[in-house]
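Take a look at the structure tokens below, where one protein chain is shown in two forms, each on its own, as structure 1 and structure 2.
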Structure 1
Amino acid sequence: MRALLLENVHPDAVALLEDAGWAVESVDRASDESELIAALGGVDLLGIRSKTDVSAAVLAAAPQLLAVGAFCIGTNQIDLAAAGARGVAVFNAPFSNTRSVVELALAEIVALTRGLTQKNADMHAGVWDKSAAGAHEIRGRRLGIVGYGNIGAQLSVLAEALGMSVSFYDTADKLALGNARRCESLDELLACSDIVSLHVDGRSSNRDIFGEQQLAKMRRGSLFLNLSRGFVVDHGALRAHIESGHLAGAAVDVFPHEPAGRGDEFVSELRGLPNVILTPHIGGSTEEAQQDIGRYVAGKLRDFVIDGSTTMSVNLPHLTLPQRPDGHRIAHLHHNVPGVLATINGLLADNKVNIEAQLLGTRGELGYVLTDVSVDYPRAVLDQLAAMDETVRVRLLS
């Protein structure tokens, strides 16, 4: 079993997979499509972060690939439908870096509200400017959160604990935490917020959702933060509103085009603005978060290979069947059509194979069956299961 981990995945992930007895190659950079295709020969498990795209072409060129681990929150860089169609499971870490992103957002809110970026620049230039002009407490200010998922909701709770008032807008019906107030529209949120922070996901419908029209509706002197996805904001329009004085400042951690590796040149329309905090996509880049992500995703990959568990997979049905000390486990991924389970069990019965335990789950167009069978079984059974018209992939796990 071979694993390839790209983009400087935490060493704990490497150690966990090596402890399972697998060969692991770790690379500190992202790969483009042609590089990835060339690297995947003989690879069973692929680990990436946010900068490597796993396209349908990549998946087609890697028939041995069993699973992809996204060592981050988002999975929009992976063709999930193509992965599912080839029986490749995809796992991510939807919760591991939540706290780290929230703490960065709060730090930037405090820094911008106190004018710390300019104070810091002045001090480094040898200028002593001890003045309260333009500096404010965040207590009593209203934070508007766009996207009330795991990160947005936790930011809401901690912001309230610091004395802020919170409004939020989400296209889904989300339960308000604490005293947070739900807004019925984005325009309503923009009109009442002193600070607007974006925490939306990477779905294609969110592309360019925040541009000139939305920035113009923000309150004069308000602050803007984006720690979600780079492609959701028009950076040219944001710069214009900063330079005009309409917005007092901004903090941006994600960008439409990001360098592939450390030390590469960073190009952005937002460079050079003293009241804009720019960070290199480090919202979740704390040692604590990266360690937790490494352990979590690597654990999901290990469990999928060893016992077929798909709990928290983003593209396959969720199944976990307790391991049995004896016997064998067959994992059967198939097209979700009527009668598949009956066909599977009929083939097993015809071959006089006793079923010790079995679990079926479906998700969209896919069905997944884990079947524990007795120790002695004809090897032809696997060939017959693989030959079924409905079969996507069959694995003998033990």
Structure 2
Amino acid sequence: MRALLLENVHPDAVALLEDAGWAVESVDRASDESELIAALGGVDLLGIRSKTDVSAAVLAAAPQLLAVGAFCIGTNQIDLAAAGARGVAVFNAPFSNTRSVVELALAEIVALTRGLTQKNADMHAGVWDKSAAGAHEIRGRRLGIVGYGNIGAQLSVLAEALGMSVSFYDTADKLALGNARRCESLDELLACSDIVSLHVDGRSSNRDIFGEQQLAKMRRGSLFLNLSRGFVVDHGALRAHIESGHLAGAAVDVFPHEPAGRGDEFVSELRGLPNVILTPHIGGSTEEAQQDIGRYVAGKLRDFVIDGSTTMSVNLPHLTLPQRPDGHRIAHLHHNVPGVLATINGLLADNKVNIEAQLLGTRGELGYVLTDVSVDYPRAVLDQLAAMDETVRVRLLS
């Protein structure tokens, strides 16, 4: 097995794949399409982060490629449909940085509630203002969380541990953790919260869900945080509510238009407001998160190669079949049409191969079946499975 890891993936990922006995080449930068096509000859596993595009052309040029690890959260840079159609599994790390986002949100809540942005600016300007006016504890304040998913729910738990009261609103029916109180509507949450923090996902219907109307319904003197997606909030309206004094402050980590790279100018209506903390989309950017992403995605690649496990894959049906000490495992990815399992099992039976364990899963147009068979089996079976019309890819794993 050969793995190529681009974009400076964490060394823990390299170590994990090398421990599996595989050759790993690690490169510290992204590749463009033609470079990538040239580099993929003989590569079984590709690791990328957000700056390398894995297009249909790249996948077509690398027929031996088994899996792509996105050592990040997003997978927009990968043509997932083309990968699925070629039987290339894609994995990412959707949860590795949730804690980092939560910690930044809490830090910003404390900083804004104590007026630290102003105090810090004053001190750098030589002004010693020791006044307690406008500075508060967060204990006892009500935090309203919009979007009670992985991040929102973890924020809820830690905020309560700090003595805050928590309300949340989610479009899905979510279990309230601790003493958190579920709100039936966004309006209900806005009416009762001292701090509103957005943690919704990036579905397209969330565009502009937080604008003039919603900001106007927030309590006077309350705080606003967005560490979810930039396109969710109307920044012009947010500026107006900060300048009017209706809102006491805000912290924003994500923007509708973010600079493409380091050094490009950051343009935003929110610049120049002393009580607004602006951060360059770093909610999830910690060394701990990068390390966990490395461990998590490399582990998924290893398990896919060795066991055929696709659990948490972005594009294939999710399956994990416990390993058996002896025997062989066949992984068969196919078009999700009626009768495939019967055909597979018929071929095995015709060749007198006994099935010892089997698991099937489907997802959209793809079906995936892991089959453990007895030690002795004729090689012809694999050829027959590969020759089935419905077969996308077949692998013998052990």
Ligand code: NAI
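Since this is a predicted model, take the numbers as computed values, not measurements. Structure 1 provides the reference sequence; residues are numbered from 1 along it.
Matching the description of the form predicted in complex with the named molecule is structure 2; structure 1 comes from elsewhere. Among D234, A342, E288, L162, only E288 lies at the hinge, the spot where C-alphas switch from fitting one rigid part better to fitting the other between structures 1 and 2. Here the chain moves as two rigid blocks between structures 1 and 2; the smaller block's rotation against the larger, from C-alpha superpositions, is 23°.
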